[in-house]
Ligand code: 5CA
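Quick setup: one chain, the form predicted on its own, written in structure tokens, and binding and motion questions come after.
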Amino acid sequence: MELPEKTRFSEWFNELIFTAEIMDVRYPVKGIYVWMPFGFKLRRKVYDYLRSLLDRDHEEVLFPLLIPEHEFMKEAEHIRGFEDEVYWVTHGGLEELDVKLALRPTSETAIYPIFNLWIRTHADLPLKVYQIVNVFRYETKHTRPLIRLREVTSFKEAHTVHATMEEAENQVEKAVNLYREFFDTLGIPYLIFQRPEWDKFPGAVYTLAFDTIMPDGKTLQIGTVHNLGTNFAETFDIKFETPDGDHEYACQTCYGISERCIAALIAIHGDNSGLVLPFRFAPIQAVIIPVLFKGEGRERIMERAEEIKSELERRGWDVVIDDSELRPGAKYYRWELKGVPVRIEIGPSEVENNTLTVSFRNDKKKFEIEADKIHELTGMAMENDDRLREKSRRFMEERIRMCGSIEEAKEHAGKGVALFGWCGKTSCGEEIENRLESTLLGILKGGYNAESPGECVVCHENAPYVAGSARTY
């Protein structure tokens, strides 16, 4: 089955997720999907890398899925932010529970009562933990695999506790830099915005969000970092004894990433033929296709294919040999669809000349190398990833425009991100959203260099901020 053109992004994405065997969308509950083996291996590689970044100075934990109602309801602003999205467990078997249990929409109210028990003195700080878990949100909008779900299966949430607000601010900066490294390596370009007050994480002092621009011009939030101040510490009585013997509330941060990062990876790099995956994260990094003819030489070709596979695996590659009965064209199509970065063809001439015919997925140009120089392929594959990153960066920058008027901003907000001056007042922010018919992403904090034009796009008063607006997922 041929994919729709990528210009029909929604159809292209939904078809690709299924035909490339990332997820099976046929599970009989709306907004809940099944990871298939190929997709799960992609997920594992991406999240193993994320774990390696966090493991530098965080410890991994695992907290329960169920949150007692009395704990969940403690933080009033937090529950107001999630009350329409919570799944409640009300029965155990046939018996009604004495205490309703929430399926976590996020884990602050599950984790922080335990932080209250763990933290006693300044010696217990800083505390930095993370978990990768499933969360449940009763999503009423149009659901979409990897993007808008009712069960988010791969939610990474980190939670940190500090003695001072200054230390919490430093941790926010570290978290932002960690996310920069993560998305830069994936080749996913991003803008960083400080969300407006009405769109920050419920209970946070402020929220920083990473947004990327999808092929249809809408933005996708792919990561968030929240400074919680002492808001949750006061609710859950998370105090520590200072060196002077006083007791103070701790300052906290939290930051999350979901499988939306994989949605962005697929959407931004993919093309009309299917997935295009960075070499580092591809579930299969190379496919070897024996070019077999009737008669002599078949055995030697297969022997050479096995030799090359073993050599690449020794170098840490994930490799398959496609010796199926499919015609060569069908094999090429199959592995292009799955985004395998490197294709190696071995036929009679390659065996005779001790060469390999190689092509890379993102340019599809064949070239020949000597088999003895197979070690050079790793460097070539990494250089290919650099080109992929640069291509995605250019794609994003072409869809960002600094706008001098509300009319210009409205015209561009449906095609990408419109940037403009903003005074920071809520009234102007609300008018921006109403007149642009798009979301005010907030104050630009990184990912793109832009200076304020000097005046607010609404009231024309002094504008110290560059803000952005876009249609969003």
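Numbering starts at 1 and runs along the sequence shown. Just so it is clear, the structure is predicted and the values come from calculations on it, not from any experiment.
One more form of this protein should be noted, the form predicted in complex with the ligand, which is absent from this view; the next part is about it.
- Out of the listed residues G256, G270, P196, P215, G256 is the one that sits within 4.5 Å of the ligand in the model of the complex by at least one heavy atom.
- Among the residues G203, P341, G223, P189, the one placing a heavy atom within 4.5 Å of the ligand in the model of the complex is G223.
- Against the ligand in the model of the complex, the set V291, M302 and T357 makes no contact: no member has a heavy atom within 4.5 Å.
- Interface membership of F155, defined by any non-hydrogen atom within 4.5 Å of the ligand in the model of the complex, is confirmed.
- The ligand is not drawn, but in the model of the complex it has a heavy atom within 4.5 Å of I147.
- Taking the partner from the other structure, the ligand in the model of the complex has no heavy atom within 4.5 Å of any heavy atom of R104.
- None of the heavy atoms of K309 is located within 4.5 Å of the ligand in the model of the complex.
- With the ligand omitted here, the record of contacts in the model of the complex names 106 to 114 of 346 to 354, 106 to 114, 313 to 321, 86 to 94, defined by a heavy atom within 4.5 Å.
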